[in-house]
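Consider the single chain below, provided in structure tokens and representing the form predicted alone.
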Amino acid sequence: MSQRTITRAELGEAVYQRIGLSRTESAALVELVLKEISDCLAGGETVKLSSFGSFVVREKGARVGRNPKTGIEVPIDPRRVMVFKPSNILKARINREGEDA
């Protein structure tokens, strides 16, 4: 299994290769899609991408944590976290491709 990371530039290049838009338009399209997803998540909305998965924002309440090194209790403020839930189709594809390797 490779540890390759896909960048925005590589996504833009993939759009350029497959769709045929200019490199500038392809990069702008990728940025627009990512911005729309981020804006929706920042607003607390769930983003569902069919056959891929869902990005869900969850509220976490305040709690008391503990510094593992010192053992001192530390209050942790309430916050919002984003969770990605892959679709069953994506899970199956990942597992199928993992068996081929």
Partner chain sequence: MIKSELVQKIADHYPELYQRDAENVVNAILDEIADALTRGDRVEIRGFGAFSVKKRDARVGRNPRTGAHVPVDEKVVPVFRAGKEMRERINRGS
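Numbering follows the first chain given and starts at 1. Source: prediction; values computed, not measured.
One more form of this protein exists, namely the form predicted in complex with its partner chain; it is left out here, but the text below deals with it.
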Tell me, yes or no, whether residue 67 is in contact with its partner chain in the predicted complex, where a contact means a heavy atom of each within 4.5 Å.
no
Exercise: residue 79 in contact with its partner chain in the predicted complex, heavy atom 4.5 Å
yes
Heavy atom to heavy atom, is residue 48 within 4.5 Å of its partner chain in the predicted complex?
yes
Is residue 74 a contact residue for its partner chain in the predicted complex, using a 4.5 Å heavy atom cut-off?
no
Taking heavy atoms and a 4.5 Å limit, what residues of 32-46 are near its partner chain in the predicted complex?
32, 33, 34, 36, 37, 38, 39, 40, 41, 42, 45, 46
